[in-house]
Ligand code: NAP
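Take a look at this single chain in structure tokens; it is the form predicted alone.
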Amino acid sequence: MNKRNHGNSVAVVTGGARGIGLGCAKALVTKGFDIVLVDVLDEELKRSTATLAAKGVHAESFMADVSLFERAQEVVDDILTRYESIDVLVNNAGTPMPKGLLDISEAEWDRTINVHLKGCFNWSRAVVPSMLRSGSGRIVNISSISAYSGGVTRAVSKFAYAAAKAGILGMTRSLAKELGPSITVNAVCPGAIKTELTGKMLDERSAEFTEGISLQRLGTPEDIGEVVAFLASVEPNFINGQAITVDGFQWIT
């Protein structure tokens, strides 16, 4: 099989079928990237891939649970048979878990950590060897302001979610030290972002959330996508090991 080489760089976005992941993919398309989406949502994945392909870049997708180490290796090997390289990895895949210490089960804790934190490890471990061979690469990990605050408000506990997202920040800084100068690793920490997962809750409590945001609105996947695309494409680049908060200046804790 001949590898595709259209002169475009290639970006892999996990959790890319909808929400923040799709917002990142759309922004990367505007920078000329070919896109590979990874998700467990089959129908949404197909629709989103078609939408991106209609913009004139090459887009394809793979069904994969990011918590599975071997599956990450398999998909990355497959991608590398199709393309010259993987230039950007966006570790975005996640799952909601609005439960506190006394309500969450062990299985729910494990699943949250495995998707958010282990998922970043699995995909970074799979992609980094090819980036090192090519001599360059960008990794952007999606964390959350919950990594700092413990949750959006006192009324919405995000115990396991906050723990996983804080772990992603530690991983980001450690990998930035380990993988430089060839590969930069940064994180983005979204605030209250309206997506398919959060839409109903944010709609019901919109006034409460926007009252504590300086810009007086909820964020969108596109707000996050623009920052991710900047980190993926800015040249010259001297940004590494950073966690960039994108929350409209939100001071609810």
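Values in this document were obtained by computation on a predicted structure and should not be read as measured data. One-based numbering along the sequence shown.
Below, we refer to the form predicted in complex with the named molecule, which is not included among the displayed structures.
Please pick, from T184, T49, T195, T210, the one residue with any non-hydrogen atom lying within 4.5 angstroms of the named molecule in the predicted complex. So the residue touching the named molecule in the predicted complex, by this definition, is T195.
Looking at N122, T112, T172, S143 here, can you tell me which has any non-hydrogen atom within 4.5 angstroms of the named molecule in the predicted complex? Of the listed residues, the single hit is S143.
Work out which of the listed stretches, 160-168, 78-86, 128-136, 99-107, brings a heavy atom within 4.5 angstroms of the named molecule in the predicted complex. Heavy atoms within 4.5 Å of the named molecule in the predicted complex occur in 160-168.
Is A93 close enough to touch the named molecule in the predicted complex, meaning at least one heavy atom pair within 4.5 Å? Contact check for A93: yes, within 4.5 Å of the named molecule in the predicted complex.
Applying a 4.5 Å heavy atom distance criterion, does D65 contact the named molecule in the predicted complex? Answer yes; at least one heavy atom of D65 falls within 4.5 Å of the named molecule in the predicted complex.
Although the named molecule is absent from this view, report whether G225 comes within 4.5 Å of it in the predicted complex, heavy atoms only. Flag for G225 set to no.
Quick one: is D34 in contact with the named molecule in the predicted complex, heavy atoms, 4.5 Å cut-off? Because no heavy atom of D34 falls inside 4.5 Å of the named molecule in the predicted complex, the answer is no.
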